[in-house]
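Okay, so here's just one chain, in C-alpha cells, the form predicted on its own.
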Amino acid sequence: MTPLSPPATIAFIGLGMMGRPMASRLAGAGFRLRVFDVSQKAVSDFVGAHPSALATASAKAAAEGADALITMLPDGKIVRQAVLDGRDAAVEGLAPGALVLDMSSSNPVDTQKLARDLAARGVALLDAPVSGGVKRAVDGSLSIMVGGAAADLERVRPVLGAMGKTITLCGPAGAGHALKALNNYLSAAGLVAMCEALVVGEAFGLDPGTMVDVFNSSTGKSNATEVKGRQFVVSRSFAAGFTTALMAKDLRTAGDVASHLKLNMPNLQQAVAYWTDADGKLGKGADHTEIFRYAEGLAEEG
C-alpha cells in the first residue's frame, strides 16, 4: 500500500500533555487533522492554534474520512471504549482498510484482544507507544515502539516520522505496549535509585548537584541522572510533565505481563508496590520526579 504522506487525513483522539504536541507535529508536517477530546477546551485550544485542524464532536465523527486514527489516551480501557465499544465509537466511522494506531500506554494483553476484534471489522491495529516525555514530543524526537504487521508500519511510517526520531518494530500486536511498560520499569527503577542516593548523600553532607555531576561522569549515569537530576529533582521544580499516577499505572502493566506469563519478578513487584503507595501519598497530579519527596519521607520514618 502507498505510504500515508501529507496531506493524508489523520484522526487524532486525546489532546492531553503528550497528545497535543504530537498532534501539533502532524499539523506542522502538513497532515489534515480531525481532532477529538472529551475536553471541549482542549479541542478549541488546539484548533485555535492550528486552524487547519477540524474539531469534531465524537470519536466516530473524527474517524469519518480518515486514512488512519491515532489514540493518545490514559489507558487501554479508555482506548477500547473510544475505538470499539463506546457510544459513537471510532470504528463506526472508519472505512475498511483504515489503520488504528494506539500510541497510549495500554495493557499488551488487552491490545492483543483489541487487534483481533478490530481485524474482524476490517480494521488493522498498530500499538505504537512513545518514550521521551513532553520535551521530545514537542521537538518530534520521540522513541516509538511498534507492535503489529510490518506492512502496516511501512504504510504509516511518514505519520510516525513526524512525531518520532526512532521507530522500532518490536513484534506482533501488543509487543510495543509490552516493551513500553518494561522500559518504564527500568526508568522508574533508575529514578528511585538516584533519589535514594541523593537522600543518603545529602544526609551525609554532600551537595546534590555535585552528586549528579559525578553520577553523570561515572558508572551510575542513567536517564534519571542525565535528564531529571539537576533539572527537576535538585532544583525541586518537579515539572518533567509525566505524573506519578501514570508511572505507577505503567509499572502495574509490566507487573501484569509478568503475572500473565506466570513469572516471579520480585524487584518488579516491589517497584509496583513502591510507586502505587507513592501515588497515593503524593496526591493527584504529582509529577513522577516527586518520587524524591516520597523517598525523603520514607527516610524520615526510618
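Position 1 is the first residue in the sequence shown; the rest follow in order. From a predicted model like this one, the values you see are computed outputs, not experimental measurements.
A second form of this protein, the form predicted in complex with a small molecule, is not displayed here; the remarks below concern that form.
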| property | result |
| --- | --- |
| is_contact(Ile13, the small molecule) in the predicted complex, heavy atom dist at most 4.5 Å | yes |
| Distance check, Lys249 to the small molecule in the predicted complex, heavy atom within 4.5 Å | yes |
| Heavy atom of Ser39 within 4.5 Å of the small molecule in the predicted complex | yes |
| Thr111, heavy atom within 4.5 angstroms of the small molecule in the predicted complex | no |
| Per-stretch contact check against the small molecule in the predicted complex, the hit in 60-68, 241-249, 46-54, 256-264 (non-hydrogen atom, 4.5 angstroms) | 241-249 |
| Residue (of Ala178, Ala188, Met72, Leu125) lying close to the small molecule in the predicted complex, criterion heavy atoms within 4.5 Å | Met72 |
| Listed residue that, although the small molecule is not shown, lies within 4.5 Å of it in the predicted complex (heavy atoms), from Ala149, Ile78, Leu206, Ile167 | Ile78 |
